[in-house]
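Given as structure tokens, the chain that follows is alone and in the form predicted on its own.
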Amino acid sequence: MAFTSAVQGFAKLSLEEKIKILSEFSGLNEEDLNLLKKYRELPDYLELENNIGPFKIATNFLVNGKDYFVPMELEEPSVVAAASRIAKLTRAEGGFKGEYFDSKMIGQLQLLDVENFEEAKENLLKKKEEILKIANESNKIIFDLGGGARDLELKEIETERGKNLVLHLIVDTLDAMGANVVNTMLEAITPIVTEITGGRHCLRIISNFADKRIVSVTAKIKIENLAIGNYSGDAVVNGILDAYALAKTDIYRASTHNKGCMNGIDAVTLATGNDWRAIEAGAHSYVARNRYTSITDFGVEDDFLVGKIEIPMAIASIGGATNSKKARLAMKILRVKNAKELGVVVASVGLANNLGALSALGSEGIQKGHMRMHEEFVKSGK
């Protein structure tokens, strides 16, 4: 049985050899293998860059001491190659190290025509426990599992159409993304909230600005190991830091810089049946909370380049499309136990892809490797 995702020359192995390694590593059964085969029988299937059927496989990932083969669902093979390359370079220093800080989501209940805001807020807080009880009774399943509505926050927001009182319902959604849970709870508490405030409700919906559900991941690579072609490790690192400095300061660069992270993040969330659009919205909102800037940070410590990503990660291991056959297969290949573990892996892939792009940009240029992979992709489709 293979116990590591750092398989020498994995991309050059035959399809049969790749699937045999994955099967042993993740314990795939006959049903899993048949599903992979069905996807390979589709007209658009191309055997390129670790493509095993419904998704491509990134290798070499070591995250919090555990090995992962990472399924990525996307059309661009260079993204998989870049992630695998950087993951390989991080392994010598222990791989990626990450933490998923919480699993709470925010639901917003918008109240209009409130006459006395201070009195309304005071009365809502007096009835907080009753409101939370109603919310939790509307979704006993999540409550019985140990999650549920935890708290209220109240905000006065001035809009061009007048002042709003916005109630934030803080809900621990555990391993679910939480949209259905939170939206159900918001609708359940609306009658008592409108009665207490004397206002009328407008929207009642989850917020994708998941700033109470943050993942933080770091990794370091020995500078000399970042050498590319005729560029020394020091030259590559200087290029990375200069490009990163521009992304911190300039929104035109920051937008593309952050897209480089989302290339990997979106690909894994899509493979696992998650709402990649919600995660995109949360990520860009998070880096724009003061002014739009880089989603990653880079610096030098002794002989190492150190990278960090901090990002909202409203990701799920249960519920919705994560229950599809394809998504369950992706989760089985990953061998993740819960949403928090999955979130740390996904953020690690985002950091790897960002660093892979920067190392190319700061040296030989993005087109050399990218266009080589693109040409292979085009040739394979003929």
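Residue indices: 1-based, along the sequence shown. Everything numeric here is computed off the predicted structure, so don't read it as measured data.
What comes next is about the form predicted in complex with a small molecule, which does not appear here.
By the criterion of a heavy atom within 4.5 Å, Leu361 is counted among the residues contacting the small molecule in the model of the complex.
By the criterion of a heavy atom within 4.5 Å, Lys259 is counted among the residues contacting the small molecule in the model of the complex. The closest non-hydrogen atom of Asn164 lies beyond 4.5 Å of the small molecule in the model of the complex. Residue contact with the small molecule in the model of the complex: Ala357 places a heavy atom within 4.5 Å of it.
Exactly one listed residue, out of Ser294, Gln108, Asn208, Asn263, brings a non-hydrogen atom to within 4.5 Å of the small molecule in the model of the complex: Asn263. Among the residues His201, Lys308, Arg253, Lys128, the one placing a heavy atom within 4.5 Å of the small molecule in the model of the complex is Arg253.
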